Ligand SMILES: Cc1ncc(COP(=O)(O)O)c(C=O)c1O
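Quick setup: one chain, the form predicted alone, written in structure tokens, and binding and motion questions come after.
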């Protein structure tokens, strides 16, 4: 049995008053649950031994010693966090690790907190004038990070990537039209498709040794009956960073069959060591690029999802005008202030974060390999998400049979992945996202968010491993 040591929130860490709602005391909660001990991120000291289990490796910041404490167990419970409070609402107070929804458990970049505090001190919330500097900041970020030149005049702000994609679907895909996607893919796209009254055309990817690739013959057959293609780059949930050759092939097929490429690149800043993000808009064929729009935001990179600011851009003036006619963005002052601060001053924080997330991926891959024989995980090339193959566990616990039995008596179908989600929630106190949410090919998988303190990641994995010892 693995030994667990209780984790206290770091001395001086904020403990929200809201934590007492629903009778939850976060400190007592973590003590009762038990978790991994502090691993000493700055020094790389490993102070925990787990009878043969992996210990977290030291983190090497990209710029020498880091001034940012990503190892703090930052308390979000009781703040109406979807990642934490929604999981507790669904499965009860036994949840000790909310590892589902894709946002991060770290404090915001200091530059963001400072900019928001300064703006709040103004104490006036009249209409915001958005100067050209906002679009210029987006263009400058892409030039600095990726060598991508974007005309600021072609950047359109929206309240999120979803509203932007929906505007494009309304523009190019008539009601009932088909929308091509390589699956499994981000489940939010299915919401966009339902909202636009279009139909998903899933193109199942091929997986070999944990790496996912596109069946381009199938892709082209399906493209012929579609108006739009939603590209996820880097890919959520599989973590693929598409190569220039892959992107060119997709682009060629879409151009040939007059399918507009809608490139969701919201995870572009989150790439693991040794991998590269290639912007679709950087491809060398101008015709292919002109047949696309790119959608981005700082919300994943800087955990600003609640700020509701995103943008899209294209080199095609006709597309820009047509999609613009379906776009309405009601942007908040604080959202714009936070985003501008992140783009202008947040790179040091992001660079150190990337080193920390990369080490989380390494730790998770090694821990799973050594301690979880019923799960397989190959390190993601991008995102902070782990796509776990839990098919062996599902077979061990009879998830398929349980799902069939429960579906026969339920108003909505129960998937085996939902059974696995419940199994981990009840036996390990860990909340994961069921792979069946991500379309064709998601069966047998669970999605795990690794954007947390190493201590929380280790706690979650340890509790999952303990639960499976008795499976």
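Residue numbers count along the first chain shown, from 1. Model, not experiment: these values are computed from the prediction.
This next part talks about the form predicted together with this ligand, which is not shown.
- Candidate site formed by 102, 186 and 264: every one of these residues places a non-hydrogen atom within 4.5 angstroms of this ligand in the predicted complex.
- 161 is the sole member of 138, 161, 281, 108 with a non-hydrogen atom lying within 4.5 angstroms of this ligand in the predicted complex.
- Proximity to this ligand in the predicted complex, defined as a heavy atom within 4.5 Å, singles out one entry of 222, 178, 361, 308, which is 308.
- Exactly one of the stretches 126-134, 312-320, 79-87, 230-238 approaches this ligand in the predicted complex with heavy atoms within 4.5 Å, and it is 230-238.
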